[in-house]
Ligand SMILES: Cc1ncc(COP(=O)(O)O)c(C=O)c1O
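Here you get one chain, nothing else, as structure tokens; it is the form predicted alone.
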Amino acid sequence: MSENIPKLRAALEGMPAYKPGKRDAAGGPVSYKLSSNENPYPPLPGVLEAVGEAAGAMNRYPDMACSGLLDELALRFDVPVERLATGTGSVGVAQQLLQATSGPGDEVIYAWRSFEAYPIITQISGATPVQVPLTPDEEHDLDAMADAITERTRLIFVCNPNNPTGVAIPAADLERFLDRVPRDVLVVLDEAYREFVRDERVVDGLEVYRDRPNVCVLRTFSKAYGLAGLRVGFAVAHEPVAAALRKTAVPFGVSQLAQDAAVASLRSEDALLERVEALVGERSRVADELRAQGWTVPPTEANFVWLRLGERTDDFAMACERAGVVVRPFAGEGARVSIGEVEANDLFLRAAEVFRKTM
């Protein structure tokens, strides 16, 4: 006789679990976390003060409409408030988009490997994931993605720059792809790392969306702004999509601490730009040194580098951990290494140099 247990959705069976970056390096002389693409700097000027003030009212619900934050975003990015929506990080907004567009029988297209939350949130929605392999150069295969569109396609994720490879899509290639997408299919430009882009060929998604009602842009305060622990992201989309996002949002999901911290961060743009430039400089130094060691490093426009290691991936991650730095391995594929403090980057580079000699 079978056990009497609650019936759960079959879509959850076999669903991959999201794997956060490992926190600590076991046995190393020091421990630096380069596994989660976090900003190594403390909060921007004014943020701690804003959070402290908001904390005094934590017995009250937050502003469910995120009014102050939306007004600040509208001013900063020159978009109407009606075209904005917020959520618990950009991944939270991405899940809201799936709830609004996709269900059983529908298909969701994305490159692979790309952001590991895409297959999870797609399966949660009940839709069918359609994974299109990256090119040998670690780029989105946009032609293949366009070829994969069927009458059941409802949403396409385009991670730009791509996580975990760091490769970004030139504007001309993106425009050609968008021209091939039916207008009733939503294209989500996931730009979590937009602030780190320096390649002038890579278009800002906010310029693309204005003339394309089926394009939505995702941004986050978790990376460049250094608010990963507060979970606040936002979308810019035309009114029907933005309205749907507000309908599917978890009520009071974005805390008042997160809202006020995000507003204070937006008002500290000079300090933000200074920190981002420092990280971009370190990114170039790390990538150049790795190439000098003999590694193949794809051109990255994010705050991390990618090493294709295949079967040696886990060995490499363990070698880095013994040296005192934690990286993010994707078993059988490669390792993503966040750009952190100079000391952390130096430790990683020494570990990579030693490991390279074993290959």
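When you see a residue number, it is the position in the sequence shown, counting from 1. Computed from a prediction, not measured in an experiment: that's the story for all the values here.
The following text describes the form predicted in complex with the named molecule, which does not appear among the structures shown.
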**OP:** Given the named molecule in the model of the complex, answer whether the residues 159, 163 and 220 all have a heavy atom inside 4.5 Å of it.
**Re:** yes
Original post:
Among 259, 122, 265, 90, which has any heavy atom within 4.5 Å of the named molecule in the model of the complex?
Top reply: 90
Original post:
Just one of 246, 275, 231, 238 has a heavy atom within 4.5 Å of the named molecule in the model of the complex. Which one?
Top reply: 231
Subject >> Partner proximity in the model of the complex: residue 115 to the named molecule, non-hydrogen atom cutoff 4.5 Å >> reply: yes
Subject >> is_contact(residue 192, the named molecule) in the model of the complex, heavy atom dist at most 4.5 Å >> reply: yes
Subject >> Stretch in contact in the model of the complex with the named molecule, which is absent here, among 278 to 286, 99 to 107, 82 to 90, 129 to 137 (heavy atoms within 4.5 Å) >> reply: 82 to 90
